[in-house]
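Encoded as structure tokens, the following chain is the form predicted alone, with no partner shown.
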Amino acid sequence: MSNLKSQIRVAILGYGNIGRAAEEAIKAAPDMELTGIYHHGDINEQMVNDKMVNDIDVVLVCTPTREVQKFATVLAARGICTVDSFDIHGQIWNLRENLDAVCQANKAVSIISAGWDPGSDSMIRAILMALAPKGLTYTNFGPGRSMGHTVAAKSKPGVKNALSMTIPLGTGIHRRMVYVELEEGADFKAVEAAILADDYFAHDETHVIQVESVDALNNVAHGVNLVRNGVSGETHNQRFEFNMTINNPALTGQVMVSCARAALRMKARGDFGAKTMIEIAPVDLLPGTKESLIKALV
């Protein structure tokens, strides 16, 4: 960890809710400096020039999930480390495989799906499985606003604005309440069909409701209740529970900033490639020396 630069030079790509939250987290970090904020379309293969390569250690890719791979690929191809909050669970392995080859070839690290779920919750699920290898884990989200689902709903033709709320029904089952504000002349039934067909919504009970104003409903609060019931050795009835109530973009931005630190430490050790958060040593996420952290936390 001693090879890490005293100030990690971090840039932000995408300046929506997560990008703004990441900016705050960078400014609060004792070992980081913000070197630039780039909006959509600002980074392409031509613009990732030598100056950017020399001036930036890590880029936080705060774009919508479905744009993550193209931006992370361009950056990793020039040896720039990236962190993203890609949140489509069923596509994470494919993203990891695609980015891993680029990172390995260009000595970069790309930490993918670095939000709170997938992300930090994934680490908690892994730890609980280690404590009780046999058993069941239920992750119950909300009630709260899902940023990924909201962006997906907003992208549909005819939608002026949207809000997707996640309602936990228990045992890992959720209801999606999608509120849409339509553009003038848009057909609600067509919008509803497009949302229900999207992979973000197709696997859950989803209700699409037309409203006059989404702003009147908007709230970025969220949370999770994570429960594991399992077996340690041959002892049954081991129960673990983790709860949190959070501001969704603020926590996502903070997780990404912590992962930027880990990416540089992994790169310094020559541990190149695309990584998920369960592949990161927790000590790499924290500022400070390994000695001080072990003394404080172990």
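Quick caveat: nothing in here was measured; it's all calculated off a predicted structure. Heads up: residue numbers just count along the shown sequence, starting at 1.
The discussion below concerns the form predicted in complex with a further copy of the same chain, not included here.
Mind telling me which stretch in 202-210, 173-181, 124-132, 148-156 gets its heavy atoms within 4.5 Å of a further copy of the same chain in the model of the complex?
-> Looking at the other structure, the answer is 124-132.
Would a further copy of the same chain in the model of the complex be within 4.5 angstroms of a non-hydrogen atom of every residue among His40, Thr73 and Ala268?
-> No residue of the spot touches a further copy of the same chain in the model of the complex.
Any chance Glu241 has a heavy atom within 4.5 Å of a further copy of the same chain in the model of the complex?
-> Yes, Glu241 lies within 4.5 Å of a further copy of the same chain in the model of the complex.
Using 4.5 Å between non-hydrogen atoms, is Val53 touching a further copy of the same chain in the model of the complex?
-> Contact with a further copy of the same chain, no.
Report yes if any heavy atom of Ala193 sits within 4.5 Å of a heavy atom of a further copy of the same chain in the model of the complex; otherwise report no.
-> Output for Ala193 is no: heavy atoms all beyond 4.5 Å of a further copy of the same chain.
Wondering, does Ala11 line up within 4.5 Å of a further copy of the same chain in the model of the complex on heavy atoms?
-> Because no heavy atom of Ala11 falls inside 4.5 Å of a further copy of the same chain in the model of the complex, the answer is no.
What residues of 64-85, in sequence order, lie within 4.5 Å of a further copy of the same chain in the model of the complex by heavy atom?
-> Contacts from 64-85: none.
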